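One chain comes next, on its own, written out as structure tokens in the form predicted alone.
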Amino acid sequence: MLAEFLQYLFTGITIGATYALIALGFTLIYNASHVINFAQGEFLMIGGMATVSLTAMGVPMIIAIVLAIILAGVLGIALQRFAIAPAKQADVVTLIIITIGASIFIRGIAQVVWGKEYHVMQNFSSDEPIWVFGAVLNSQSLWVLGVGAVVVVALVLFFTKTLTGKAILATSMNKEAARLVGVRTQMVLMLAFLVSALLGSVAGIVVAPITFTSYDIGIILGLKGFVAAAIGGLGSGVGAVVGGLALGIVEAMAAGYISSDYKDAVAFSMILLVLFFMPRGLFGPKVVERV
């Protein structure tokens, strides 16, 4: 019984850490522009698929990973410069629709380049499973958790210790005030898309050996990342991490103890339940209105 529970828990924490990384990408762009970037899942797909392709061509894995992350970063910048920036005067709904269109476009290109097949990527280290009280822990799960922790710490340091990070925070709080004190808000927005793309690609690379990867894997994982961000509270970094881990664990427990058929339904039921009682999410900003 304990082994079964731990097995589901390990699975939930692993996939939850992936959701958290994707949710952080959503949160970053939302803070900078109040736009929900539904192309976020495609950055994840690009990271995994590009790494698989490059390694199949004989490129050493570490170099393939770096090149895949750079490719995702370039796509993130391109999305902002050629799709979002020209429509900067448009309303938020229009910008969200643009990101959906960009997602479909990127996915279509990926299908032409890589086909519809699932692709397998080898573990970063040993293929030998790790046994913990009767439960099996994939060694790649440790990479997911370790990379996730490093990324979260790096983001905290970036936003608290660097001028660029503080500029992004200032823009998220008050774009006009930030512009008046000399912050180049369009540059900040481009940087937000860049970092968001890097986060998505890293998530796609570390989880690919566990879930495999394909041209359309970004659809469901991107939606789950959005659910995690909404549960935690859009705009909250802490909420993105907590929401991602909570969603992953609940999903794994539901799949294990009820049925895997209901795994996705449980995830989307969870967002309805949380937002019904807490419309701004678990860690969303509190708004006080004068009456």
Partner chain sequence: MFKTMMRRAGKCAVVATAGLMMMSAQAAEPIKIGSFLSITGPASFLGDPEVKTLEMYVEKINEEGGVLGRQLELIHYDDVGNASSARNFASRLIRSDNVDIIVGGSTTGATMAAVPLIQQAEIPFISLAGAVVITTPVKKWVFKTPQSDRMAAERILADMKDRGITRIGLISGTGGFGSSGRTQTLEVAEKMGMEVVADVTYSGSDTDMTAQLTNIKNTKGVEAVLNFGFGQGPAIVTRNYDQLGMELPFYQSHGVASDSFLELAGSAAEGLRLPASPLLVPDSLPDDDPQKEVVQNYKAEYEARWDSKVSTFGAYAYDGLMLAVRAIEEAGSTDPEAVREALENIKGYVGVTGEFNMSPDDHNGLDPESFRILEVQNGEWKLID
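The structure presented is a predicted model; accordingly, all values stated were derived computationally and were not measured. Residue numbers count along the first chain shown, from 1. In this text, the rigid core denotes the largest set of C-alpha atoms whose superposition between the two forms falls within 1.5 Å.
Heads up, the form predicted together with its partner chain isn't pictured, but that's what we're talking about next.
Within 4.5 Å of its partner chain in the model of the complex, a heavy atom is found for all three of 116, 212 and 252. Within this chain, residue 136 lines the site of its partner chain in the model of the complex, having a heavy atom no more than 4.5 Å away. Shown alone here, residue 111 lies within 4.5 Å of its partner chain in the model of the complex, counting heavy atoms only. With a 4.5 Å cutoff on heavy atoms, residue 129 counts as touching its partner chain in the model of the complex.
Using a 4.5 angstroms threshold between heavy atoms, residue 267 stays clear of its partner chain in the model of the complex.
Stretch-level contact check against its partner chain in the model of the complex with heavy atoms at 4.5 Å: of 258-266, 58-66, 240-248, 34-42, the positive one is 258-266. Interface residue among 156, 220, 163, 181, judged by heavy atoms within 4.5 Å of its partner chain in the model of the complex: 220. Fitting the two forms on the rigid core leaves the C-alpha of residue 263 displaced by at least 2 angstroms between the shown form and the other one.
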